[in-house]
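A lone chain, given as structure tokens: the form predicted alone.
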């Protein structure tokens, strides 16, 4: 079935990106068993082979689906039948919102990248919650990405995150504070220390009464000093981890955020800063996202000190086959080094032969 997705992509890429995306999500929602076309079942005997132990919930596979692809949690049953170790839905806001004017999604096939200026378009917390309650996650880890409504004043943003935390904490395996999308006016300002501390502080009492693993998703457009400040706040407020990174701004491409290979270098730099700082914080997860499109990218992240990554744009360009390719890469390394599991591999990485080093 390796030729199935390339054929679909050839047809799909002749349509408007957002139109075909919405159509595809509806089809996958109605027919989740289409997943069987990609032969991605892990046998019982392999349950622990690809598992990645994190401080938050452990993943059954070191690659998860990033937020943004299934904003309204319509196709959870399909995506959770693939190799993905975790599925992150959203971004969801308290109230429904239409997002920014169309067109707002653009392809750059020559670099396997996308530009979006969506603006947190979603059905709102009540609708997304109803979808999750009626869905099955097939024993996979479920994350929900949380954002503020555009109409909510910046100084009241903490109220939106409190509402969303209460809505989704009991049904989710982890939650994500999204203050790094470039498509909601003023949102990235919430990454600044004072504004971010207000949000994290306001969630403190709620989390003590209703614990749920909590991550912060950050921008690739920050400097090293800012990355250090974010790590300090993450430690102060006992966050579960950092998701690095969101999309990047490239003004020469137009408004919105760039994802895919065009953002790899920026995202990788920020991930390195965060991972370096996090070495002193063994209780802080760092989830890598942004430009990751191959087993080599995962391997580079492992070498830098990370464990689990997410993909989105690479999934659009490569389809489920990317998960097969990453699994094959993992299998080759495990077999050639006589290692039984990914966890064991990560514990002994310094002794493992680099498959990309000649």
Ligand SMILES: Cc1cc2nc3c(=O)[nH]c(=O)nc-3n(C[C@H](O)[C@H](O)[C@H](O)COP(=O)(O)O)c2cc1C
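Quantities reported herein were computed from a predicted structural model and do not represent experimental measurements. Numbering follows the first chain given and starts at 1.
Below, we turn to the form predicted together with this ligand, even though it does not appear here.
Among residues of the shown chain, residue 91 is one whose heavy atoms approach this ligand to within 4.5 Å in the predicted bound form. This ligand is not shown here, and in the predicted bound form it never comes within 4.5 Å of any heavy atom of residue 239.
Among residues of the shown chain, residue 217 is one whose heavy atoms approach this ligand to within 4.5 Å in the predicted bound form. Put simply, residue 114 is close to this ligand in the predicted bound form: some heavy atom of it is within 4.5 Å.
The chain is drawn here without this ligand; in the predicted bound form, the stretch among 298-306, 285-293, 26-34, 45-53 whose residues come within 4.5 Å of it by any heavy atom is 285-293.
For the residues 275, 129, 105, 281, the 4.5 Å heavy atom test against this ligand in the predicted bound form is passed only by 105. Contact annotation for the candidate site: 67, 247 and 260 all lie close to this ligand in the predicted bound form (heavy atom within 4.5 Å).
Along 195-210, a non-hydrogen atom within 4.5 Å of this ligand in the predicted bound form is carried by no residue at all.
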